[in-house]
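Okay, here we've got a single chain as structure tokens, the form predicted on its own, with questions on binding and movement later.
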């Protein structure tokens, strides 16, 4: 199955962190303490890792794999998807103003849609938002990156023509940043 193959390739590139050793709780633990421990464990499990590969329920999330990585690892991950016959659906951004970061989100799919949908996420500082371009791997990413640059101010290093796509050429603002004031 393509999803398992892609997941294995990504995990080889980005191995999951070692699971922390959890000590056994004393036998005389009360029901309230046990319930609290279960809630903490469930919350920790639901917490996304900063980097790594998470398998998701397609019916709930709309994709199968959620890959979170550093900008320097982006091209290696995108090459794996290219070799597995994926295409780029979209690229967009998210402003995490409280965390002082911008996130770039890449959506990939295949023409046999039931096989696998993949989301790649990478974060960059708001002060100098920059990630490498993927246009040399997926030429169709060109205008997606230009649009994301217009609205969020994220620079795509190595982009062949990073000029405004939708905003005026002299625009010095990025309207989807949360601190934007018209």
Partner chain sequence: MSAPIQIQPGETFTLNVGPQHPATHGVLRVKMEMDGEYIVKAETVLGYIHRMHELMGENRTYPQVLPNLSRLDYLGAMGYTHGHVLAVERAAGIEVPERAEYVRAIMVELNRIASHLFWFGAFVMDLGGFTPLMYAIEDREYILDMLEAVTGSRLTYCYFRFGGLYNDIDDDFVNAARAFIPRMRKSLKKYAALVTGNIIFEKRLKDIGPISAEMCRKYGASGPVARGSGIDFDVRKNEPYSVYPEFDFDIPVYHECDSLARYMVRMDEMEQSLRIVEQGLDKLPDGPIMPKKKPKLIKPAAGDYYQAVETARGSFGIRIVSDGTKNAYRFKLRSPTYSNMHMFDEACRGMMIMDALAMMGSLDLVIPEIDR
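Just so it is clear, the model here is predicted, and its values are computed rather than measured. Numbering follows the first chain given and starts at 1.
Just so you know, the form predicted together with the partner chain exists too; it's not on screen, but the next bit is about it.
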| item | value |
| --- | --- |
| Contact flag, residue 107 vs the partner chain in the predicted complex, heavy atom cut 4.5 Å | yes |
| Any non-hydrogen atom of residue 149 within 4.5 angstroms of the partner chain in the predicted complex | no |
| Touches the partner chain in the predicted complex: residue 165 (any heavy atom, 4.5 Å) | yes |
| Contact test in the predicted complex: residue 144 vs the partner chain, heavy atoms, 4.5 Å | yes |
| Heavy atom contacts to the partner chain in the predicted complex at 4.5 Å, residues of 167-181 in sequence order | 167, 175, 176, 178 |
